[in-house]
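Quick heads-up: it's one chain on its own, the form predicted on its own, in structure tokens.
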């Protein structure tokens, strides 16, 4: 069900920097763990409500348990057979902003961390140099938790298998804003085939969460002129969050 309707983003004052917690060590379960206990409503159905925000300790506990569950998932046999490890996501469990990309690449599969290759360096620059945040202030995840062979596009059934994990991450963290990175994330979460040019520059909603769309950092590396459009998207997001670009030397 498309959720492409525009709305006026809420005004928000800057909030204190979220607390940082150490990432959970890599889990190595020895048995199959299936996707269980998804939230009662999906991201595409506004009939459900999030439970009240959880205390920090409970968020950490639930994220660690979900990470272990993801690490043992075998719902996609090809991905489970070819991955080095799953890439769950990382960042503040109290993040106001969540970035969601497509799938891990080779560097992510090797390290178990999202967005650490060349595209990850660019995303980090967008967060730190562009928005004035620390990478640890936000939460970063992908649609898929396993690298597709040869970095191919995710198959529809792979997306459907992984979405409940992502939904549960969002339900635990309850970010105030979401930024979707690239076409695959937009198609998977907004349930639309509209091109990026028609999706970016406006507000969308996922379960009531204000959501913006912009180009994936990997696309920006191939098409540097599109960085101007992405900067416009980030400025729109920053205005809603009550953020100002960091001062540069001489300013």
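All values derive from a computational prediction rather than experimental measurement. Numbering follows the first chain given and starts at 1.
A second form of this protein, the form predicted in complex with ligand URA, is not displayed here; the remarks below concern that form.
Candidate stretches 124-132, 97-105, 72-80, 161-169, one within 4.5 Å of ligand URA in the predicted complex by heavy atom: This holds for exactly one stretch, 97-105.
query: Looking at the partner-bound form in the predicted complex, is residue 175 within 4.5 Å of ligand URA by any heavy atom?
result: Answer no; every heavy atom of residue 175 is more than 4.5 Å from ligand URA in the predicted complex.
- request: Decide whether residue 204 counts as a contact residue for ligand URA in the predicted complex under a heavy atom distance cut-off of 4.5 Å.
  value: Taking the distances in the predicted complex, the answer for residue 204 is no, it never comes within 4.5 Å of ligand URA.
Contact of residue 50 with ligand URA in the predicted complex (heavy atom, 4.5 Å): Residue-level check for residue 50: no, no contact with ligand URA.
- prompt: How about residue 196: is it within 4.5 Å of ligand URA in the predicted complex, going by heavy atoms?
  reply: Within the cut-off, so yes.
- request: May I ask whether 64, 112 and 146 each come within 4.5 Å of ligand URA in the predicted complex, counting any non-hydrogen atom?
  value: Judged in the predicted complex, none of 64, 112 and 146 sits within 4.5 Å of ligand URA.
- prompt: Can you name the residues of 215-236 that have a heavy atom within 4.5 Å of ligand URA in the predicted complex?
  reply: Those in contact are 215, 216, 219.
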